[in-house]
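Okay, so here's just one chain, in structure tokens, the form predicted on its own.
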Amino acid sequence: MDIEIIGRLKKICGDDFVVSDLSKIGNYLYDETEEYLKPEACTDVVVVKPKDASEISEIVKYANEILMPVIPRGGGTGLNGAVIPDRPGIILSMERLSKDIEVDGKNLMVIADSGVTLAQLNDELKKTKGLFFPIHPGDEGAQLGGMVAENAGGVSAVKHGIMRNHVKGLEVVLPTGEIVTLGGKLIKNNTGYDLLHMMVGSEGTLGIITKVILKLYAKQNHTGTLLVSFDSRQDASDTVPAILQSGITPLAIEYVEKNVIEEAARHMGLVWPAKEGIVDLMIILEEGTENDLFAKSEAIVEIAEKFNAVDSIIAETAKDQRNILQIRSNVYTAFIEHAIDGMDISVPPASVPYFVRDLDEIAAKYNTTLPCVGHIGDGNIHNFVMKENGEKPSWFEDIRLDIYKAAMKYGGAITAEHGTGKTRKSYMPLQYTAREIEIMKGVKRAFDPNGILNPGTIVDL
């Protein structure tokens, strides 16, 4: 990196917060994208660690002067290569924007620096009287600003939705350097175009998020986990809308195939408690009273029995619930070492059994397996494309294309949670028309006329 550029950045942030030594920037070059998918990082970069929005504004204005790419980086927990630099540029680490967390109990909101981690937020909320934030993407090292930028999801989407549903305000440094506040402590705001939610899921391409305002909720005191087993994927899938149509909205409804979840349990040295059937529904409930919890559990079992459930287990103790959730959360860890890609496709929930059937047919075509689990309550299926003899198979790109095309038959999406980034970008024409993609490029140009902010992610100008 040019010495003059490094010197200018040091004037803005201070000598201690600009790092150009290659031996010290390795941890800033990659995220959690799978080994065979992640692009090779460009090492001709400098890492800067600004303390606030004003320093970020100065950095961005300078980057526009010299037409130098800027890559905003949160906790590095993403899975789509969005923060991996593929050209010389400035990596903007948000780690120092992590001090301020203000809980506004009267408005049921929290205002926090974007570099605050989910773990920090949850620790702060433990001090309050029963407030909580419902989104958990599976890694508490994720930073709040990054969760907004990626529109993070998780198992609780059935009841609480995804990150987009809880973002009420943002402080943002625009790609041209202006600092703006979008939204606020408002439940309703219907003025003009919704620039606030354009930032949600924009993956650091439209602005740099420096503060977040998030909606909080009253915590329910009683939780329970129910495992219901079936001999048929169709029966399991048909049970889900029947539960929701009954007026019961669980916190989570997870679809787990027995062979997959048992492998995840073995990986952790635990035992999956449900033994019958080939597929389980894992249903998590949260209720205000113990009576409501048991009543709804019984109602779900009665519904499931109408769809030929072969067994049901209620985990009542906190330890049993924790073990079940840990096993389910460990599926990715258990399989990704032997996989090329952990996909996160979305289809309409009622289409899940048909899509899974298609996965079986595709797997047979390539003489492989495609293990899958999913958030069936919202139609989000995670399936793994496995290695062949420990290596990337020659047919990898072909099978991935077949899987995406299968999802498109049902009106699906190529990514439900992980985002587009650099690894899913080439598949966008499967889901969007050329005109739709051109409109997205137009939005990018309007925000970022010089194309300096996280170039190569989502769309190319």
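In case it trips you up, residue 1 is the first one in the sequence shown, and so on. Because the structure is predicted, anything quoted here is derived from the model rather than measured.
Same protein, other form: the form predicted together with a further copy of the same chain, not shown, and the subject of what follows.
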Even though the partner isn't displayed, in the predicted complex is residue 57 close enough to a further copy of the same chain, meaning a heavy atom within 4.5 Å?
no
Does a further copy of the same chain come within 4.5 Å of any heavy atom of residue 320 in the predicted complex?
no
Just to confirm, residue 114 within 4.5 Å of a further copy of the same chain in the predicted complex by heavy atoms?
no
I'd like to know if residue 385 sits close to a further copy of the same chain in the predicted complex, meaning any non-hydrogen atom pair within 4.5 angstroms.
no
Heavy atoms within 4.5 Å of a further copy of the same chain in the predicted complex: which of the stretches 63-71, 390-398, 413-421, 27-35 has them?
413-421
Pick from 356, 347, 121, 279: which residue has any heavy atom within 4.5 angstroms of a further copy of the same chain in the predicted complex?
347
Partner-contacting position among 176, 368, 326, 232 - heavy atom within 4.5 Å of a further copy of the same chain in the predicted complex
176
For the stretch 279-309, which residues lie within 4.5 Å of a further copy of the same chain in the predicted complex by non-hydrogen atom distance?
292
